[in-house]
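Heads up, the chain below is alone and in the form predicted alone; it's given as structure tokens.
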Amino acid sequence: MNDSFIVVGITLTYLALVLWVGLRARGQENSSLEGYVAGGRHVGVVILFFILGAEIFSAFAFLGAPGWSYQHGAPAFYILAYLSLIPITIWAMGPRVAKLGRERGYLTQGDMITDHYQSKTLGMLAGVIGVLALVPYLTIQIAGAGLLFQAATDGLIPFWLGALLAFLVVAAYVFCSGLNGIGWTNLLQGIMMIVIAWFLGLSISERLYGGVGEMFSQIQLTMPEYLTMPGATGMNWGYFSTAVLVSAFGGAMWPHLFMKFYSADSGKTLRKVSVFYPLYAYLLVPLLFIGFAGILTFSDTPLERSDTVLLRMVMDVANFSPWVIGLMLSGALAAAMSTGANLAHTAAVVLVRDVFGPTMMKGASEKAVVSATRWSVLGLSLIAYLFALANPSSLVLLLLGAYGLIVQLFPMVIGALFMPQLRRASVMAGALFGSLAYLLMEFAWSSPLGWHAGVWAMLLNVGVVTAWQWLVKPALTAPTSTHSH
């Protein structure tokens, strides 16, 4: 019993530290909308690096990534492949987004789309898709925090209380400090995650096998199918490659990543961040080791849920002291909370600015908008918490659906940034056809050739946009062209 108290003590100390850092970061500028949402548009390289990194390393990194390598083996490396491609989107799009944002006062994706295509409907549509995608994502972080607490304290802190604690802390500093609070806490949580991930990855393989190299040699002797493609579960090359593409290029369409481009102090800062960005992939390497270590450990009695492999290894197999378990819990909570803070902040901004902005918040003062955004942070966090308590296993399905829809904004955003000749009707038709095709492939039919459905949907989207541009001439702007049809 004492052990559980040590674990809880360490973790609560850590939560208190995060709360203190988050509240300390409250600057003078938080009362303005630009300050609360985009850190006054002067976030530098180091903080931006940790903010963008925390977007990726969510509860998934500590639970999902080891689960993937435990379940599939080699195909889990797709995660490293796509992380090394993300800098392309940051490098190419980031500086342009930051520049337009600074010139025209944009704070969300919807702002840019509304302004460029002169269509409030399109901006609202982007906003609605954004909120629908962010809430299940936030729920996964909350559920992750609850599961971690429950497992690491042997049920001393139950699921509902663990989830509540982590998210009260996050909601409090996001409510008070906005993006500045997120930036400084992500710096602290990022360092925490990196140190703990490496410590666990190396010490678990050392304790069980005498080192990482030795561990892979043993897997090679007994279960070699885990070390080659298509892995133990038969993920084909087509799916592997297309999953890498969808994750790398779809990732930048997530509103919580996209909006951070606006907060950079310059385009140069964003390009520096993009160069260093793949270093974050080093955080995942030791976590993948833990999954590989589980392959042999649990070969006789496979785990029911592959995403519990890290918890089982730390708690039951490697016999760590409660101090280490407390630190492990803090590190894993850091991953869930740093992402959760970003998601709650973004979802609230998008909801108030893009979804309600054109209708309910018309003519409201800046102070009222900041206040509405703050309260939305609490409201959306509460909704996500209630979702987590209902614990629908369909959350992952919801996230998959959302991801496919968000990627469909790609042509629309590229049009607004680099291709002014794309018309409103074409990008709208493309997004609708692409989204529909994605949902059908994900939930009704299977995807052709076993590829990732997002790629087919994107190809259809681009095809429809191109055909529409060529075949459908705009009626209003060029009356002469109507005669040629």
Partner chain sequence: MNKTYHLLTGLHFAVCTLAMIWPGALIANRIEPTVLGLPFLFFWYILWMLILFVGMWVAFVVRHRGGRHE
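Numbering follows the first chain given and starts at 1. Given the structure is predicted, the values throughout are model-derived calculations rather than measurements.
The following text describes the form predicted together with its partner chain, which does not appear among the structures shown.
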Checking 137, 77, 106, 387 against its partner chain in the predicted bound form, the residue with a non-hydrogen atom inside 4.5 angstroms turns out to be 77
The one residue among 227, 296, 128, 383 placing a heavy atom within 4.5 Å of its partner chain in the predicted bound form is 227
May I ask you to state whether residue 213 is within 4.5 Å of its partner chain in the predicted bound form, using heavy atom distances?
yes
- Message: Contact with its partner chain in the predicted bound form for residue 241, defined as at least one heavy atom pair within 4.5 Å: yes or no?
- Response: yes
Problem set entry | Residue contact check: residue 322 to its partner chain in the predicted bound form, 4.5 Å heavy atom | no
Margin query: Considering non-hydrogen atoms and a 4.5 Å limit, does its partner chain approach residue 368 in the predicted bound form?
Written below: no
Even though its partner chain is not shown here, does it sit in the predicted bound form so that 425, 433 and 473 each have a heavy atom within 4.5 Å?
no
With a 4.5 Å heavy atom cut-off to its partner chain in the predicted bound form, the contacting stretch among 112-120, 306-314, 410-418, 98-106 is 98-106
Near its partner chain in the predicted bound form, with a heavy atom at 4.5 Å or closer, the residues from 82-121 are 84, 85, 87, 88, 91, 95, 99, 102
